[in-house]
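Quick heads-up: it's one chain on its own, the form predicted on its own, in structure tokens.
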Amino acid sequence: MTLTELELDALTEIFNVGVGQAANSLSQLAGSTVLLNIPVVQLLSKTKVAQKLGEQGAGRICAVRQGFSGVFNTEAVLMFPVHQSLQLVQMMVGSDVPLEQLGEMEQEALAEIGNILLNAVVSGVADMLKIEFTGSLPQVELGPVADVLCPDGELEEVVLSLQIDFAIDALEIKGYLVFLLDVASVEALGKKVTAFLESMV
């Protein structure tokens, strides 16, 4: 997978529209302002993404996976260190909910959070690139980074990675969103980004 610096800059702008929409939706869900940073968009190997999550002490991660099909097909995987996933759920439901109940609602809440964030980001991309996607239902997965990110064992495969930081009140959580794209989809994405850049001239 190859994209130029100009194309990556354009994708940062495009993805940031969706991240802003996600922040608004998550703020309504949480009843408090949720801050999401401008995403850091990079092409990274799955090994590098796993390394970055590992630097946060994430031997195991919680992930929300959702497929999108359209002009190009992609599988989006939103990942957090396991020890931060409960914090993220608590950010959304409030500190009044007992911890034992929080554990019971963790997967359902994470699926809802992932659904909001993934659909907002992908909708932002679709609007900016003037294309349409159909999404599958989100699935929550839990396990070692390599097992979740690389079920096929292709550790050196390059993916489109967005680093997103969540902040609400005093809590800060760092998550990664990666888009798994096959060769044909990378080519289709590149053409759409080129057309977007040409429309800006």
Partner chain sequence: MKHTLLIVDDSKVSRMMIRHKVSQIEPDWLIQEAGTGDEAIAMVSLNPPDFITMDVNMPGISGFDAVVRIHEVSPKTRIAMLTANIQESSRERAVVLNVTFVQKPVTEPAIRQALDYFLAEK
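By rigid core we mean the largest C-alpha set that fits within 1.5 Å across both forms. Numbering follows the first chain given and starts at 1. Small disclaimer: the values here were computed from a predicted structure and weren't measured.
The following text describes the form predicted in complex with the partner chain, which does not appear among the structures shown.
**Student:** Verify the flagged residues L171, G175 and V193 against the partner chain in the model of the complex: is each one within 4.5 Å by a non-hydrogen atom?
**Tutor:** Heavy-atom distance to the partner chain in the model of the complex: none of the three under 4.5 Å.
**Student:** Against the partner chain in the model of the complex, would N16 count as a contact residue? Criterion: heavy atoms within 4.5 Å.
**Tutor:** Flag for N16 set to no.
**Student:** Should V71 be counted as a contact of the partner chain in the model of the complex, where contact means heavy atoms within 4.5 Å?
**Tutor:** Contact with the partner chain, no.
**Student:** Using a 4.5 Å heavy atom cut-off, state whether P39 contacts the partner chain in the model of the complex.
**Tutor:** Although the partner chain is absent here, P39 would stay clear of it in the model of the complex, with no heavy atoms inside 4.5 Å.
**Student:** Evaluate S136 for contact with the partner chain in the model of the complex, applying a 4.5 angstroms cut-off between non-hydrogen atoms, and reply yes or no.
**Tutor:** Looking in the model of the complex, residue contacts with the partner chain include S136, since a heavy atom lies within 4.5 Å.
**Student:** Taking only heavy atoms into account, state which residues of 114 to 141 are within 4.5 Å of the partner chain in the model of the complex, ordered by sequence.
**Tutor:** Residues within 4.5 Å: N115, I116, N119, A120, S123, A126, D127, I131, E132, F133, G135, S136, L137.
**Student:** After a core superposition, would you say L110 shifts its C-alpha by at least 2 Å between this form and the one not shown?
**Tutor:** Yes, shifts by 2 Å or more.
**Student:** Could you tell me whether the Cα atom of V122 shifts by at least 2 Å between this form and the one not shown after core superposition?
**Tutor:** No, V122 moves less than 2 Å.
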